[in-house]
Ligand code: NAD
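Before any questions on binding or motion, here is one chain by itself as C-alpha cells, the form predicted on its own.
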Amino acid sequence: MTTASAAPAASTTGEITILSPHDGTPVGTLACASEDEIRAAVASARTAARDWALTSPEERGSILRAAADALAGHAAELAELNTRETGKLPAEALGGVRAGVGTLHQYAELGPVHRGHSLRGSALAADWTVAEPRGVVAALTPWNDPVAVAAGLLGAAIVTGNTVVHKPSERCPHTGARLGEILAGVLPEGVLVTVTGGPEAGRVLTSLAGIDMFAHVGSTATGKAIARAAVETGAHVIRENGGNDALVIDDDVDPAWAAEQAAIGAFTNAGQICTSVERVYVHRGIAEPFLEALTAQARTRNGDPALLAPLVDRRLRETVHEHVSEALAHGATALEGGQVPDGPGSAYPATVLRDCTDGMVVMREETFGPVAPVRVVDSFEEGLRLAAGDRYGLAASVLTGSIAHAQQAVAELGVGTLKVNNVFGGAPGGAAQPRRDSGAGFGYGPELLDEMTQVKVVHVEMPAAPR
C-alpha cells in the first residue's frame, strides 16, 4: 500500500509483471498487497476518517486543489507510464491526465458549495438537511483511462470528507501506484491509501466490514460481485460497468460523415472506452456508401500506427478475435481487418464487419476492441428497436437530421446517456445513471458528490416553557 509516506510494500501473495502492448518487452514488476496489508490500509483510512470529516469543506477544497496542481506537475511522467503499460497513444494518455487534473479542480470548487436543504415546518422550529461523508470509500478503477477515471472518484470522495482506499487495475499497476504517491504526498496521512493487486486483492478489499462505500468502474461480472459483497457488509455501491453501445444511423445524413462518427466511436483508443460504439445499425438507403467510407476510415488507421493504439494485452486480443471469428463463421464478412497481426505486442487491426446479426457474440456482448460490426436495417424505427433489445444500458448514439426521430430515440432507448449527432459529445460536468447490466448510481458530475455523502435531517425547536 502507499500512503503519504510509504511506497508499495513487499508482499507474500505474488507479483504483477506488465509487458509492453507495443513490443512485448517488460515494463516492470510490482508486488501485490497481502491480506494483512489490505486490512492495514483500511485501518489507516478508518483512523484518518474522523479528522478529515471534521476538516472544513473550504480547507478540503484547498488541499484537493493542491493535489490537482501536483498531478499537473507530473502529467508527462504519468502519461508516458500509461502509454508503456496500456499502449494508449501518447497524446491521448496526456489528455487523460489533463482531464484528471481538470476533474480534481472541478471537485475542489464544487465540494465547498455542496449543500443541504432547508425544510418548511413550524414557524417556531427549524428543519434542514446536512450532507455528511459516508466514511471509508473503496475505489476500484479501470485501466483504459486510469488517471481520468480515478481522479473523478477520488476527488469527489475526498472533497466531501471521506477517506479512500484505492485499488487500481492490475493491468496498469505502475500508473495507479504512482498516481497514489503523487496525490497522497499532498493529502493528510491516511486520506488516500493505494493497494496494488489483482482480483484476489479486490475480493479481500470488498469483503471487509470497515468500508462504507464501494465505487467501481470496470467489468459487469466484477461489478455484480461487488454488489453481492455489499449485501453482506452494508456498504453503499455505485458502479459503471460494461456497455454494448449502439449507433443508429438514419437515411437523411451524409454517409461519409456518418462513417467518420462510427470510426471515431469504434476505433478511438482501439475501442477500449466504456462508451465505444460496439454495434452499428445503418439504414439501407445509405448503407453501401457508408460501408465504403467506414472501410476507408479503418484502412487509414491500419496504415499508420500513430492512429491506432494496440490492445492492452494479448488476453484481451484473444477475446476480441474470438468475437470476430465467431461472427465470420456465422455469415459476417470482414471488409477490413479481422486478422491477428504477426510480431510482438498485442496490436489488432481496425475491423469492419458487414452482414452482422444480433445473434452474433460481437453484437450481443462488449467486445472492447477496434471492431465495427454493422447490421443494415430497413428503417430508423427498426434500428431503434434492435438497439433497445440489449441487456446493457450505458449509452447509445443516433445520427439523424429529424427532430422527430431524435425525440423518438430519447423515448425508446433505455440508456443512461443518449448522444445525438456526436458519438462522444457532452457538456463538462455531465452525469448519468447506468442501467441494467451496465451498473447503477451516478459516477460523474456534481451528482457524484451526493453519492459520496449521506443525508441527515435536523429538526430544532424551542423547549417547553417552565410551568
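Numbering starts at 1 and follows the sequence shown. Source: prediction; values computed, not measured.
Although it is not shown, the form predicted together with the named molecule is what the next lines describe.
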Should the three residues Gly285, Val377 and Ala409 be counted as contacting the named molecule in the model of the complex, with contact defined as a heavy atom within 4.5 Å for each?
no
Stretch in contact, per heavy atom within 4.5 angstroms of the named molecule in the model of the complex, of 184 to 192, 348 to 356, 239 to 247, 154 to 162
239 to 247
Work out which of Gly337, Pro255, Gly135, Gly202 lies within 4.5 Å of the named molecule in the model of the complex, going by heavy atoms.
Gly202
Please pick, from Gly111, Gly87, Gly218, Gly393, the one residue with any non-hydrogen atom lying within 4.5 angstroms of the named molecule in the model of the complex.
Gly218
Decide whether Glu170 counts as a contact residue for the named molecule in the model of the complex under a heavy atom distance cut-off of 4.5 Å.
yes
Contact between Asn269 and the named molecule in the model of the complex at 4.5 Å, heavy atoms?
no
With heavy atoms only and a cut-off of 4.5 Å, decide whether Gly265 touches the named molecule in the model of the complex.
no
Contact between Asp251 and the named molecule in the model of the complex at 4.5 Å, heavy atoms?
no
Go through 430 to 467 residue by residue and record those having a heavy atom within 4.5 Å of the named molecule in the model of the complex; state none if no residue qualifies.
Tyr444
